[in-house]
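Only one chain comes next, encoded as structure tokens, the form predicted on its own.
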């Protein structure tokens, strides 16, 4: 069962603690005690206890037999598996969306997002444009999931995407010069358009295959980031990656 924060203090504790872990303030393998977090955040024990439980549920922390938690370290295979699982789940969402034949009205929002993305990828890759793409890309994936009309699938996907490197935007901008980045985003946008078309035509198998292939772009971008430590640091949560998730020995 997914745990959810119930008060502003609990939400603040969860967001702050997750932010600290992603920023590397707690090293992989480091013990995190409830009392230490209470002192660090200046928040009472109850919201901190809930935040720690949620972060264990999300996979950031591992519970210890004698009490307390340790920050989890992720291997390269963990990262690849997270990307693959997201692709499987989003593919299932696309297939269900196509098979359940959404109305034209239901498809309008997804089509509108796709049109806006078309405009964005034709612009120069300024920071504002990249942020706009990121916002719209996240919106596209949310709308795709909504069209599946599957609360069960939504819960499963939210659990996977709690890990920052498994989200649709995790590796979108990592490791590319502006011209390469533009080409990658345009290619991803072609995939978006094909996914929308497949859903609108009721082609479940095609929609699923296209969406799974779309998720695999993240693997390619991860491989690029692994070639240089400075690029890998651009990935949210990269501090949690094990040594084997970084550049290979001897690689320039």
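Note that this is a predicted model, so its numbers are computed, not measured. Numbering follows the first chain given and starts at 1.
Here the subject shifts to the form predicted in complex with another copy of the chain, a form of this protein not shown in this document.
Of the candidate stretches 57-65, 22-30, 188-196, 36-44, only 57-65 has residues with heavy atoms within 4.5 Å of another copy of the chain in the predicted complex. A heavy atom within 4.5 Å of another copy of the chain in the predicted complex is found for exactly one of 142, 116, 180, 81: 81. Proximity to another copy of the chain in the predicted complex, taken as a non-hydrogen atom within 4.5 angstroms, holds for one residue of 88, 130, 109, 146, which is 88. Taking non-hydrogen atoms only, residue 103 never approaches another copy of the chain to within 4.5 angstroms in the predicted complex. A residue is said to contact a partner when one of its heavy atoms sits within 4.5 Å of a partner heavy atom; residue 220 fails this definition for another copy of the chain in the predicted complex, lying far away. Not displayed here, another copy of the chain is approached by residue 212 to within 4.5 Å at the level of heavy atoms in the predicted complex. Proximity of residue 122 to another copy of the chain in the predicted complex: non-hydrogen atoms within 4.5 Å are absent; the residue sits far from the partner. If you take 131-163 and check each residue for a heavy atom within 4.5 Å of another copy of the chain in the predicted complex, you get 149, 150, 151, 152, 153, 155, 156, 159, 160, 163, in sequence order.
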